[in-house]
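Quick heads-up: it's one chain on its own, the form predicted alone, in structure tokens.
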Amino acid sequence: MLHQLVGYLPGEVALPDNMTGSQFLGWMRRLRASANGGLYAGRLLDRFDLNPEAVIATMSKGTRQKLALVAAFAHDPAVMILDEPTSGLDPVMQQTFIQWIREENLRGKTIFLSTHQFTEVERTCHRVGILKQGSLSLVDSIDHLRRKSRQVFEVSLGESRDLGFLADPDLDVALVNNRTATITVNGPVIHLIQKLSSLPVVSIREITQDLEEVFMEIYQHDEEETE
């Protein structure tokens, strides 16, 4: 029963080299006693543009990864566990995979994804868990993580000015030139507004942090607290 409810793709894929892809998929279907008759497996084969007739030993790394994906989830499980699922896939197949994951989630499936690819997490996941030294150090939504991160702004002036006076305990100023600076706000944004109120500001643009930047910020903060 558990085999029918859960699909698992390991990070290190090991497949029987002496079988064809079709033989391996048939063996997995019999092992699970899958009730869908391979219909979902056929849809996945089409989705990932995979011809399973070749002998596995002759398949490329990307093709073997696609076969492993199909084999792991051909029984249309309610819970999906994936470890580095796009390893070996080309950019087109990575995009196909991300779109498929989104659709499966909309169908109501629970999906656990372990990856070092931050773009995959941002494009597919609602909640993030950060592992550090084998322990789960944080669990939060992506939106909340971004809201907790520091705000970064690019400020441009209409004339040359000495921007050094913007330095403040709550502001990290990186000068681009004598008219433009990138400013990281560590406290309330009002501190930045007050500093800029007397300047001829032409534009101010918020620079959105991606998940990798948020992750590194949290990681470094944790290390500072343990020192």
Partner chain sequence: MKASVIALGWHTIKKATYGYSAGIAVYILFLAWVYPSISTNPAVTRLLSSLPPALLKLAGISSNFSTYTGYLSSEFYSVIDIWIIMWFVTMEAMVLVGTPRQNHSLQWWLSSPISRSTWILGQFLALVLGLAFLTGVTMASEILGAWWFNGGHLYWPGMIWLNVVALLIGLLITGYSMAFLAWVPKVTWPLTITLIFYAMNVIGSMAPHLSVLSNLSLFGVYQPSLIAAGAVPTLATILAFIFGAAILAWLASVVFSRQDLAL
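Numbering follows the first chain given and starts at 1. As the structure is a computational prediction, the values presented were derived from the model and not from experiment.
Keep in mind that the form predicted together with its partner chain is not shown, yet the notes after this line are about it.
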{"item": "Check all three, 12, 19 and 28, heavy atom within 4.5 Å of its partner chain in the model of the complex", "value": "yes"}
{"item": "Its partner chain contact at residue 215 in the model of the complex, heavy atom, 4.5 Å", "value": "no"}
{"item": "Touches its partner chain in the model of the complex: residue 155 (any heavy atom, 4.5 Å)", "value": "no"}
{"item": "Residue contact check: residue 80 to its partner chain in the model of the complex, 4.5 Å heavy atom", "value": "no"}
{"item": "Distance check, residue 54 to its partner chain in the model of the complex, heavy atom within 4.5 Å", "value": "no"}
{"item": "The unique member of 32, 47, 179, 195 whose heavy atoms fall within 4.5 Å of its partner chain in the model of the complex", "value": "32"}
{"item": "Interface stretch in the model of the complex with its partner chain - options 198-206, 182-190, 169-177, 66-74, non-hydrogen atom within 4.5 Å", "value": "66-74"}
